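Single chain ahead, written as C-alpha cells, the form predicted on its own.
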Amino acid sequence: MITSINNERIKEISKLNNKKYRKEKGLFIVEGEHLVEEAYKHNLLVEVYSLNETSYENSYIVTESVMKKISNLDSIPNIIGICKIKKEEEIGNRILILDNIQDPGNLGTIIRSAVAFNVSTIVLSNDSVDLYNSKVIRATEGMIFNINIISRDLFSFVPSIKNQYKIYGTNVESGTLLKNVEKVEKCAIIMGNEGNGVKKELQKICDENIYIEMNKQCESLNVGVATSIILYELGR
C-alpha cells in the first residue's frame, strides 16, 4: 500500500494533471470504474491506483489522502487509471473539424456524438480546450477511446484536404438548409467556437455552409447540440 503523498511515483502521477507533462510522457489520467474499464478494453491502461484490491495488472492500493493528491474530483474516486495516449490513425472519410472549442463539456458531448454517428476522425484546432482535460475525459463517458482524435493547425490542415473532401462550414444565418445538403462519401464538417462560430478565414475555404432551420425565437444552439443534429442528419 502507498501511504505517502511524497512517494516518488505519486509525485510523477500528480504531474500528469499538467498538459505539458502529459504531452511529454504520452500519458493521461482517467478516474472512476467505467473509464478505467474502457481504457483496459482498448489496451491503453498502464497502471491502476485504487482504494481497494482490483484484478488489474500493475495495480496499487493507496490511501484516501494519496488518492486525493492525484485526483481532480471533489469527491475522490475509488480507482484511477494511467493511460497511454492513442496513436494517430488514418483520417478516413468522415472528418469533424473543431475550431476553437473552449468548453470541456461541449467537447466531451461532441466526442460522444461523433462516435455515435460514425465520424472517422475529429480534428481539434490547436487553440481548442485540451483533449485530456479531466472534465473533457469525464464528459466523453469513455468514448475518447473509440475514435481517432488529432490536433492540427487548421489554417494548414483544411487547405491540405480541400481537393479530397467536400468541406462544409456552419453558419447560423446563411447557407444550405441542413435537410437539403447533398450527402457525399468524403466530407469534412467545421464546427466553430461557442461565441464566435467558425473563423472567417476558414469559412472562405469551405465549399458550402450549412445551417439548421429552427424557430426564430431561438437565436442559436449550443455547439454540442448543433454538432449532434448535423452529424445525425448527414449520416442518415
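The first residue of the shown sequence is 1; numbering continues from there. These numbers come from a predicted model, not from an experiment.
Same protein, other form: the form predicted together with another copy of the chain, not shown, and the subject of what follows.
Run the contact test on 97, 192 and 196 with a 4.5 Å heavy atom cut-off to another copy of the chain in the predicted complex and return yes or no.
Spot residues vs another copy of the chain: no contact at all.
If you check in the predicted complex, is residue 117 within 4.5 Å of another copy of the chain, heavy atoms only?
Yes - in the predicted complex, heavy atoms of residue 117 and another copy of the chain come within 4.5 Å of each other.
Is residue 143 close to another copy of the chain in the predicted complex, meaning a heavy atom pair under 4.5 Å apart or at it?
Answer yes; at least one heavy atom of residue 143 falls within 4.5 Å of another copy of the chain in the predicted complex.
Quick one: is residue 200 in contact with another copy of the chain in the predicted complex, heavy atoms, 4.5 Å cut-off?
Result no; residue 200 lies far from another copy of the chain in the predicted complex.
Do residue 229 and another copy of the chain come within 4.5 Å of each other in the predicted complex, heavy atoms counted?
The answer is yes: residue 229 has a heavy atom within 4.5 Å of another copy of the chain.
In terms of non-hydrogen atoms within 4.5 angstroms, which of the given stretches 151 to 159, 89 to 97, 107 to 115, 76 to 84 touches another copy of the chain in the predicted complex?
Partner-contacting stretch among the options: 107 to 115.
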